[in-house]
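There is one chain below, alone, in structure tokens, taken in the form predicted on its own.
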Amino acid sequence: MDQVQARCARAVRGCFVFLLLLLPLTALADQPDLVREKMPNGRVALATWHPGHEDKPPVLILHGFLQTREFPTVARLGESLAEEGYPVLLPTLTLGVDTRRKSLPCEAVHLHSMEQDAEEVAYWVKWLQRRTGKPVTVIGHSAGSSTMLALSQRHPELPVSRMILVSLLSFRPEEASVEGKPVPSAGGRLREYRIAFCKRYPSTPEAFASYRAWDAKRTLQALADAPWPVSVILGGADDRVTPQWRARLKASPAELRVVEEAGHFFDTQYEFDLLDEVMDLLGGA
């Protein structure tokens, strides 16, 4: 009997050790993948990929101006949708930097353009559609929403089912200076501008103009011409949104949803309200 008990104890210990060894593999399986892909401009871009469930519609979420896929607003939304089973892709725009992992400082030299950004997103939309076999819902936050509108103008043929624009703004004249100061450079073409939250933004006139062109008029026209259903989600306490801008968005063909008391970044408890709005637009699938 003692020998039988000893064998049983060894067997139990063996199973316990096996389960301990298996736990890291199980945890690893639940982690998102890091995807590296070469973009049309030759740069290598990174994206976070949550495979999700086959019965859920795929979602692509894009960060705001000069940020990355790890920016809290988009990262939290992506993780929450992934927990609900949605296949979610969060790319980081290269902005001219291979495998960019950090936000780009305002004072860095900016040679990237809105057109290049839109082409990178187009690449990722096609990547996600091939991976899932389904049309993609694209979501942009802040200036990422402007990139999505640029995408819709350049590639209306893409397999996109819906466009959701969170905290959509336009580049206002008081925020963007077209009278750039010359900056010493080898080519002699760099100038220093102001744009968005950047008081010093060294760039070429052409690259700067590609973003500056997305003023209120062009943004509203892109909403009117959108080839896909489009919804705009604003925070009711977003101090970057003027009453006039909200009124113009309400008068546009886009569906406007307002989360009262939420700010520009939908932080603290309002991240759950943003998630609810997005999931409702996804059909609760």
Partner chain sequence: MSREGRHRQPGLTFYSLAFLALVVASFLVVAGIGLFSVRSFDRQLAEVADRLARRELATVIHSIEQEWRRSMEALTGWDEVRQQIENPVYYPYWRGHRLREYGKLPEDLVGVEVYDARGRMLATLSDSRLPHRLRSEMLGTEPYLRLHPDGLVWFVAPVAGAGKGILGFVAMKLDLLKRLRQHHYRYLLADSLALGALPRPLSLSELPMRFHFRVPPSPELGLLKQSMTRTMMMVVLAVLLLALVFYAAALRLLRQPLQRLLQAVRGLEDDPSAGTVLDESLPLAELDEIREALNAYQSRLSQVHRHLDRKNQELWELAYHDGLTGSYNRRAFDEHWNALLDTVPGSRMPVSLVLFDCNHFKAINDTYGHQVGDLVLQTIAGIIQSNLRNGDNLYRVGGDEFVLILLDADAEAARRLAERIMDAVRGYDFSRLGIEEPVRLSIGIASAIAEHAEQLRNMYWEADLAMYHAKRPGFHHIALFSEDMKSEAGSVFSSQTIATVTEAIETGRNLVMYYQPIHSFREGRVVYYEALVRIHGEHGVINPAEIFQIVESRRLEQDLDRAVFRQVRADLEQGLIPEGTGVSINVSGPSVTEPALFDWLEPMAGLLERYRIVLEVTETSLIRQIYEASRSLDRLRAAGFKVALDDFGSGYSSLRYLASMPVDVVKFDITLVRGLAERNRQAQVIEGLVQLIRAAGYPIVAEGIENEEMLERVRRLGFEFVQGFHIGRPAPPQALPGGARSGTA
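Residue numbers count along the first chain shown, from 1. Just so we're clear, the structure is a prediction, and the values are computed from it rather than from any experiment.
Beyond what is shown, the protein has a form predicted in complex with the partner chain; the following relates to that form.
When contacts are defined as a non-hydrogen atom within 4.5 Å, all of Val97, Val109 and Val183 contact the partner chain in the model of the complex.
The single contact residue among Pro72, Gly133, Pro105, Pro156, judged by any heavy atom lying within 4.5 Å of the partner chain in the model of the complex, is Pro105.
Listed residues Lys199, Arg189, Arg172, Lys126 were compared with the partner chain in the model of the complex; Arg189 is the one with a heavy atom within 4.5 Å.
In the model of the complex, at least one heavy atom of Val44 sits within 4.5 Å of a heavy atom of the partner chain.
Although the partner is absent here, Arg36 lies within 4.5 Å of the partner chain in the model of the complex, judged by heavy atoms. By the criterion of a heavy atom within 4.5 Å, Thr204 is counted among the residues contacting the partner chain in the model of the complex. Screening 156-164, 72-80, 136-144, 189-197 for residues having heavy atoms within 4.5 Å of the partner chain in the model of the complex returns a single hit, 189-197.
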